[in-house]
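First, one chain by itself in structure tokens, the form predicted on its own.
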């Protein structure tokens, strides 16, 4: 069982990701694909006159402030254009993929955070009206139903709150919770860099290996969104996932390359 998370930033080769997954799935491997869509969401939000607002927490994590209008744009892109674009690619490759959001069947479920603490101008402010949260529960029954019937699940945020409200959740940490819940053998976090870089953006400074017991000490090397990936990796290995690999989604056969050790391997 392998959980693959592919990001939504510029430069990602979705055709290569889907071709590699299709080949492995047809060979009998059990795979689940989780995807993002941040870059396209930013573009669409700008075009609709509601540009994205990013906030930085006091602990240094950057996230999207998700008011209701932003959430609706987020759903249009993640659940619509991105999800169905990936499902279509897989269908054309002969894989019977099923695209669902974490809201569907409460696949991803967690607590709704209505307010967020953000650093603005050197001061900590509390912003209200946020629709975010963290995945705490995974509906493995629905995922296993699909896998056992021969389907390939293609999953995306948002998640459902315990009250049934759509919430924006981090895709990397959602994929980590999914991998833990399904007792996956490996979690692949693919993005537009070759892995965790010691001196970002110098790709020659790739960190090849991270010991599983020491993941959080590598947070200092993570820039921006990579911080959430490292956090997700830490949560996955603490939850029993044997290997987490930060891989490059710009290359040919990105899933196979990552499983063969290209990128940053956490084990």
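Positions refer to the first chain, counted from 1. All values derive from a computational prediction rather than experimental measurement.
Unshown form predicted in complex with a small molecule; subsequent notes refer to it.
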### Message
Based on heavy atom distances of 4.5 Å or less, which listed stretch (193-201, 148-156, 109-117, 85-93) is in contact with the small molecule in the model of the complex?
### Response
193-201
### Query
Does any heavy atom of residue 9 come within 4.5 Å of a heavy atom of the small molecule in the model of the complex?
yes
### Message
Residue-level question: is residue 226 within 4.5 Å of the small molecule in the model of the complex, judged on heavy atoms?
### Response
yes
### Task
Look up in the model of the complex whether residue 222 has a non-hydrogen atom within 4.5 angstroms of the small molecule, and give yes or no.
yes
### Query
Is residue 38 one of the residues lying within 4.5 Å of the small molecule in the model of the complex, judged by heavy atom distances?
yes
